[in-house]
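Next up is one chain by itself, shown in structure tokens, the form predicted alone.
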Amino acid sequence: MAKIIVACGSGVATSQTVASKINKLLSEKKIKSAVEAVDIKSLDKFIKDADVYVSIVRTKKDYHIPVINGIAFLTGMGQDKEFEKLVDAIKKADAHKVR
């Protein structure tokens, strides 16, 4: 099961909202994954074993995992495209773990 990290400034409101929306969308597609909302200061700690990072706040670091635009899940603009990227990243991560 892929692990998805959603990070915002405080890890309380925005990232929780996006994580909840992603959970709902994945559930509708019957895709199992673990979605966790964290604050940006804790990102380095939580991203170590993550498969996908959903970014609310831009960071200059390269985490070597797929990065999805989390703003799209807040605004709805471009959400379908970002969700498609997320699903592809989850499938690749799950396929890699099966090997």
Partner chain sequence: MTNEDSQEFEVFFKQNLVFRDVEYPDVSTFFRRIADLLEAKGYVQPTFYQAIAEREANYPTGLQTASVGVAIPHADPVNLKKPFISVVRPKDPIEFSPMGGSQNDPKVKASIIFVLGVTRDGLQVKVLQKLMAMLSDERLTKALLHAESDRRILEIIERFFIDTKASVS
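Since the structure is predicted, the reported quantities are computational estimates derived from the model, not experimental observations. Positions refer to the first chain, counted from 1.
This protein has a second form, the form predicted together with the partner chain, left out of what is shown; the following refers to that one.
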Check residue 21 for me: does it contact the partner chain in the model of the complex (non-hydrogen atoms, 4.5 angstroms)?
yes
With heavy atoms only and a cut-off of 4.5 Å, decide whether residue 56 touches the partner chain in the model of the complex.
yes
Can residue 67 be called a contact residue for the partner chain in the model of the complex at 4.5 Å between heavy atoms?
no
Any chance residue 31 has a heavy atom within 4.5 Å of the partner chain in the model of the complex?
no
Residues within 4.5 Å of the partner chain in the model of the complex, restricted to 63-96 and counted by heavy atom
71, 74, 75, 77
